[in-house]
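Take a look at this one chain, the form predicted on its own, written out in structure tokens.
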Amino acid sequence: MSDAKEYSCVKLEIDDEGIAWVSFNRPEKRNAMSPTLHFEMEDVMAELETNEDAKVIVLTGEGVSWSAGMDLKEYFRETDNNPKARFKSQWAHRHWAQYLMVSAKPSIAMVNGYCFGGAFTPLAACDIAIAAEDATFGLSEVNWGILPGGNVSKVFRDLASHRDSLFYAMTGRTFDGKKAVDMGIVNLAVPADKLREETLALARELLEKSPAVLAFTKQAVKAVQGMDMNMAYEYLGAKQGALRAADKEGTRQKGMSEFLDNKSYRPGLGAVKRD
């Protein structure tokens, strides 16, 4: 592991392969997100985006939780009469989650346990999500007098269907990792004792790809969601041209040559070899 700055609520380790392991580190609070955690995550995201050693981001939680959502005491009660503190915490949370969503680095949510309420915001911000089969997901806000605020209702509705979104938000019922796959909340669910192994395999698969091509691909897929067909054609054409300029490895040219000239590459059956 490379040297990393020490934080009180977050762990950051960048391994020798270029995988940045980021952990919510409040296991005694089931990794509930406090103002301090949000401030530290802002710093972590700035570090990862500008650190050339970090090539893939994995976001997980220490202990038995991914994150239980917002810390009711520190995030809500202790800032009820302190609008400045409340604003700074909300702003930090909004910022780091948005930074994660638009990061040029591919990101994986490794959901190892409880994922509630506000935790759906960083979950949705990650590009890919893999969960333990026995992980527990839920929106419990309705049971204690609030709605899924911030942008939790928005990201939950973006991930799940209309019916599932209403059902789980209105009842507060929980669901496991397997159900989360069925709902489109996560991509994969695996036995808990295989979670890190499967996440590592997925991260290594992403490491085989061109960083520039990965970045432009994820940006394109996210951007076209709100476009009509004509806008998407124009945007993707411009994006493709920008990628050819940005890809210093010449991945497209190598791929075309390996496929057409050398017959050493078959699209759909692996990645173009990188130097």
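A residue's number is simply how far along the shown sequence it sits, counting from 1. Fair warning: this is a prediction, and the values are worked out from it, not measured in the lab.
The next section is about a form of this same protein that is not shown, the form predicted in complex with a small molecule.
Although the partner is absent here, residue 141 is a contact residue: one of its heavy atoms lies within 4.5 angstroms of the small molecule in the predicted complex.
In the predicted complex, the small molecule sits within 4.5 Å of a heavy atom of residue 117. In the predicted complex, the small molecule sits within 4.5 Å of a heavy atom belonging to residue 73. In the predicted complex, at least one heavy atom of residue 28 sits within 4.5 Å of the small molecule. Of the candidate stretches 191-199, 176-184, 108-116, 83-91, only 108-116 has residues with heavy atoms within 4.5 Å of the small molecule in the predicted complex. Checked against the small molecule in the predicted complex, the residues 68, 58, 48, 41 give one hit for a heavy atom within 4.5 Å, which is 68.
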